[in-house]
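This document starts with one chain, in the form predicted on its own, laid out as structure tokens.
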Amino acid sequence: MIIQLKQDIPSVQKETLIEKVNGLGYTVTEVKTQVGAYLIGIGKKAFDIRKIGALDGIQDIHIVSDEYKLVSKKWKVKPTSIDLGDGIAIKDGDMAIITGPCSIESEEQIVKVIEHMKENNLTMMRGGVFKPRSSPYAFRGLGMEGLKLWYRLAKEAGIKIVTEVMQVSQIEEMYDYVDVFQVGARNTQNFNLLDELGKADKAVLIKRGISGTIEELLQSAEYVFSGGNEKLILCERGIRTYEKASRNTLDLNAVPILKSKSHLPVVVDPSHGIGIREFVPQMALAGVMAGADGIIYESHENPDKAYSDGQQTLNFAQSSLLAEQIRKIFAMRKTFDLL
């Protein structure tokens, strides 16, 4: 169960509540976030919810049967909106478009990407400064100096930064230069990292694991939420299957399923999802029609010269066309009651 506590609940009342819940055969975990305070009760014994709901200090109480509790839609029906400031948000009923290179390479590259984004009224830029690569000899990012340079240029242009954090020790040094921490597919079950991101008052985008299930993605988000951070975004980026014709299999089934199971916004990454440049636009638009709240894809002035993932990266002309198409398809989608 989830017990939402009143913000001004005295500690004595809270301790009384915990004793009552323990007395029902439930273990209790306290959760304090930027938004609220909760008691999470775990147990199987049936009881009359009114025995708890009528006690002082409770704002609301919910029975949630899912293994994941706080990210479940069973207690919070209203979709969560992630406000990044300056009128920029990722939320239900809107379409976030996030683009940029796989890797941040140079000041010249950053400037050109920002110019492309401003021309197309795009306000969220993705890019990696710490790159987890399959080969230890591949380009692995510009690190903190690259991030600081990127932050300065993006801030001047009013653009928000989405970038991957790979380990706990990076969170503090990156914090002031990031708008959204991205947890990559290789780190989706790095529980130490997820725990620490729960302590950060910063949006976190969690990508589905390379062979991860929908349930595992939701449980990863639960780690961050239970650690104290409600600013969460789920990302479907394709999963590894036996199919070899594409880099991954983009599981668009996951979009409506996640939207039905969780109140968190869902974005789709077609670049990693299919890994083939010429098919990225089709999969992006399919993601829009599947009900996604945003699309995150890779773009570069000259993808064939990109330091990484050039084969799945759009050039600026392709990116401009896709951004326009995403907006048109989203406007069409809004005419359907189901989405």
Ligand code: PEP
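In this text, all values refer to a predicted model and were calculated from it rather than measured experimentally. A residue's number is simply how far along the shown sequence it sits, counting from 1.
The same protein also exists as the form predicted together with the ligand; that form is not shown, yet it is the one meant from here on.
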So in the predicted complex, is the ligand close enough to residue 197 to count as touching (4.5 Å, heavy atoms)? no
Would residue 164 count as a contact of the ligand in the predicted complex, using a 4.5 angstroms cut-off between non-hydrogen atoms? yes
Is the gap between residue 262 and the ligand in the predicted complex 4.5 Å or less for some heavy atom pair? no
Residue 237, heavy atom within 4.5 angstroms of the ligand in the predicted complex: yes
Partner absent here, but in the predicted complex, which of 139 to 147, 110 to 118, 251 to 259, 184 to 192 has residues with a heavy atom within 4.5 Å of the ligand? 184 to 192
Would you mind picking the one in 132, 212, 228, 79 that has a heavy atom within 4.5 Å of the ligand in the predicted complex? 132
If we test each of 267, 174, 102, 217 for a heavy atom within 4.5 Å of the ligand in the predicted complex, the one that passes is 102
Quick one: name the residues from 290 to 308 with any non-hydrogen atom within 4.5 angstroms of the ligand in the predicted complex. 298
